[in-house]
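In structure tokens, one chain follows: the form predicted alone.
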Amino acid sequence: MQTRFESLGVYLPDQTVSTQDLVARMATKPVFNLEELTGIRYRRWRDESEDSYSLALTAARKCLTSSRYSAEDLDIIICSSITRFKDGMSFYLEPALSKGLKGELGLRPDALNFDITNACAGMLTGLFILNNMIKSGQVKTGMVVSGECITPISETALKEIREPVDKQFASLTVGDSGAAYILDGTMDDAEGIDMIDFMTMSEFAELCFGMPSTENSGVAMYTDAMAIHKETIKRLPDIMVHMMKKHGISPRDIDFIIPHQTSSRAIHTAMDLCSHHFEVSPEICISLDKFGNTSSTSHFVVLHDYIKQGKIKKGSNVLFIALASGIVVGFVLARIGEIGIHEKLIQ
């Protein structure tokens, strides 16, 4: 038996903010063209009534609307948000956001719930855990959900950036979102999760921190983007080859690659380095021009977007590549089947 994506729900706030709008609000302008460097033209921005919890809840409800299952059928819900804002800008560590989601969605009292955080690799880490729980027989089906109310770090950066090159510039690339998927088991070889693996390059852990601001009461992210680019991207081809050999995956098995949505320049540089290992080049999926870097939800925001466009279809082999603070590198290879998405099945 393998596991598969049974349904998918994504929520994006209505408000759109352009990169030009953000730069116009800065007292100290960057020495580079931020939109050209990142490829990000727009990102979604929550309204005053929205927070991490509400974004996750809306995405979870969309996922259930698209599913063959009801909430009562789910054995577990895992919340993998980096941001844990609820009741406005109150940051919750306890009680777990998954506990509130479990109650509001209507899961059974005996259903399991817990929160995890693994930076922008969170939803794929949740997949790793839930995949193992289903395969081991601990549960039959479950949901992984994340709500990322991440634009408060942009608001902090707008207040605090005073240098033309600053470690908070990466904070201006993010966008708010919610995403959820339901995973279950299948005996159908035409779909399923073929490979999940992660590794950590902890020697570079200090290159990116999300933490309370050192100057104000807000949250902030401090990123040495140039060092991350230099130290991690150059290692990606060797890591990818190692993972594929380890799991017996051929480059011919990959139709689409969904990388973490950092910047278009970084993505294309990394994929160009990897390209000589592919006999036929898979399509690189990028939606950051419309949505920005939506942190832990990014892979599923892109998957949702490409399914809606009709590009990723039933039978597509999709390689998800995680690149997250830590530094965490992860790979998931999935064959997309008959997945429910916003009340419509892709065939």
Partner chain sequence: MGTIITGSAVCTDMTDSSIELSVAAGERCIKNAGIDPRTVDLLINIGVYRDDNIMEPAIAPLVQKRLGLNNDPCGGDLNVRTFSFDLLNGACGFLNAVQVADASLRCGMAANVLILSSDVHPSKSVNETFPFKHIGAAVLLSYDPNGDRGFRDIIYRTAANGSGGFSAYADTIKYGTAGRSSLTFVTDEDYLERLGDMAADTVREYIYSKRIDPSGVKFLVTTQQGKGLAEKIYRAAGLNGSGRAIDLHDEFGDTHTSSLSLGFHTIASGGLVQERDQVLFVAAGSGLTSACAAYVI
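All of these numbers come straight from a predicted model, not from anything done at the bench. Residue numbers count along the first chain shown, from 1.
Note that the form predicted together with its partner chain isn't included here; everything after this is about it.
In short, of 110-118, 183-191, 250-258, 265-273 it is 110-118 that has heavy atoms within 4.5 Å of its partner chain in the predicted bound form. Taken together, the three residues 8, 11 and 143 all stay farther than 4.5 Å from its partner chain in the predicted bound form, as judged by their closest heavy atom. Distance criterion of 4.5 Å from any heavy atom to its partner chain in the predicted bound form singles out 133 from the list 105, 225, 233, 133. Note on contacts: among 172, 101, 74, 221, the single residue with a heavy atom within 4.5 Å of its partner chain in the predicted bound form is 221. Under a 4.5 angstroms non-hydrogen atom cutoff, its partner chain in the predicted bound form lacks residue 161 among its neighbouring residues. Heavy atoms of residue 84 reach within 4.5 Å of its partner chain in the predicted bound form, making it an interface residue. Contact annotation: residue 334 falls outside 4.5 Å of its partner chain in the predicted bound form, judged by heavy atom distances. In the predicted bound form, its partner chain sits within 4.5 Å of a heavy atom belonging to residue 125. Residues of 229-243 lying near its partner chain in the predicted bound form, listed in sequence order, are 235, 238, 239, 242, the criterion being any heavy atom within 4.5 Å.
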